[in-house]
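For reference, the chain that follows is the form predicted alone, supplied as structure tokens.
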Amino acid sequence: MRIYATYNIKGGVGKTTTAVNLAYLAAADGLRTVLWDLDPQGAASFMFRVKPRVKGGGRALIRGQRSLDDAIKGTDFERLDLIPADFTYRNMDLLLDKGPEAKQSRKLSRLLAPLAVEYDAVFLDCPPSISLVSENVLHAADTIIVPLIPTTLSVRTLEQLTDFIAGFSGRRPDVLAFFSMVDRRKKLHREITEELSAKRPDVAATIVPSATLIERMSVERSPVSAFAPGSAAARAYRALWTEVREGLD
């Protein structure tokens, strides 16, 4: 089982649309896939037409009173399941902040481990923050997928993230960033995508454009790769998934 997390310190950069489309593509490629919507806003749960509620909430999951397996819901797509969001996830930092400090950042890893029996791929859709939740995600994931809008501040968050991961002792996740919501008509977008791609090997070649079809995902309540498979946006997510599967080499 491989664990992928879509993460960025900033919000509004395309984390949820990325998680939804890549999870769909993983399942379409034959992988038994589950997406865990960790954002209390529940956007990924909404897109998959699943009620954002977990019996017992985040407290039951973190304390082991309810297993992740019990919280899993099916979606409309073959081989693709969902662990829905719950509004109590807003308090997950407090729930994780219990017990020895060395174990606090690895609680999600322990919760996810039993899923290896049933799944090939796990996707974590993460809220934007620097918190104990995000630290747990970074320790649990094999690959961190980082959507970047081509702005100076967005690029700075990538540097902060990689510096933070570099400080981990022992196992560290791979990082693969990519440019999202790109408008090639804008000079700044063209300059930043070209410059950063040339400087950093952890930036994907794939560029996901700014597209109305991606915004329509919340209307269609479906991955763009499902309702508009021939579109430029769907082709971009397919190319990104290919890069993610192949790794950083």
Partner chain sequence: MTPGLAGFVVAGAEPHWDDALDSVMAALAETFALAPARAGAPGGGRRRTWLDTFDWRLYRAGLLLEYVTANRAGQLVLTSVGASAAGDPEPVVQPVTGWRVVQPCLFDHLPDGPVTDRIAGVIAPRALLPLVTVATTASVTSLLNEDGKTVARLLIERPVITAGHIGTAGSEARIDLPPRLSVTEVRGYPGPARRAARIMALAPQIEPGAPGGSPEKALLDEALAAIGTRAGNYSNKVDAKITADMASARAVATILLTLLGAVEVNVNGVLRDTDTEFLHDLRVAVRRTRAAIKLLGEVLGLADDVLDQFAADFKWLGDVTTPVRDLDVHLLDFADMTAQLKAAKPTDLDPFRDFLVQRRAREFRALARALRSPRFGQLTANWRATLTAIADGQPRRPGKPGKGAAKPALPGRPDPLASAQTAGGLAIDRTRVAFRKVARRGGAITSDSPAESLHDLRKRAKELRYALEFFAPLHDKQDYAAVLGDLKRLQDCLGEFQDTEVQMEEIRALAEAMLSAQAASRGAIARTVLAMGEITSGLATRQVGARDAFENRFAGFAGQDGQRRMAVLLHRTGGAA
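Numbering follows the first chain given and starts at 1. Just so it is clear, the structure is predicted and the values come from calculations on it, not from any experiment.
Omitted here: the form predicted in complex with its partner chain. The next part is about that form.
>> Can you tell me which of 156-164, 132-140, 172-180, 117-125 lies within 4.5 Å of its partner chain in the predicted bound form, counting heavy atoms only?
In response: That would be stretch 117-125.
>> By the heavy atom within 4.5 Å rule, which residue out of T206, S222, Q41, S197 makes contact with its partner chain in the predicted bound form?
In response: Contact with its partner chain in the predicted bound form is made by S222 alone.
> Can you pick the one in L96, I149, I72, L111 that has a heavy atom within 4.5 Å of its partner chain in the predicted bound form?
Replying inline: Spelling it out, the residue with a heavy atom inside the cut-off is I72.
> Taking 4.5 angstroms as the cut-off for heavy atoms, does I214 touch its partner chain in the predicted bound form?
Replying inline: It does not: once its partner chain is placed as it appears in the predicted bound form, I214 has no heavy atom within 4.5 Å of it.
> Just to confirm, K186 within 4.5 Å of its partner chain in the predicted bound form by heavy atoms?
Replying inline: No.
> Would A26 show up as a contact with its partner chain in the predicted bound form if we use heavy atoms at 4.5 Å?
Replying inline: A26 lies outside the contact set for its partner chain.
>> Residue-level contact is defined here as any heavy atom of the residue lying within 4.5 Å of its partner chain in the predicted bound form; does R190 satisfy this criterion?
In response: No, R190 stays farther than 4.5 Å from its partner chain in the predicted bound form.
> Taking its partner chain in the predicted bound form, which residues along 40-68 bring a heavy atom to within 4.5 Å of it?
Replying inline: Contacts from 40-68: F48, R49, V50, K51.
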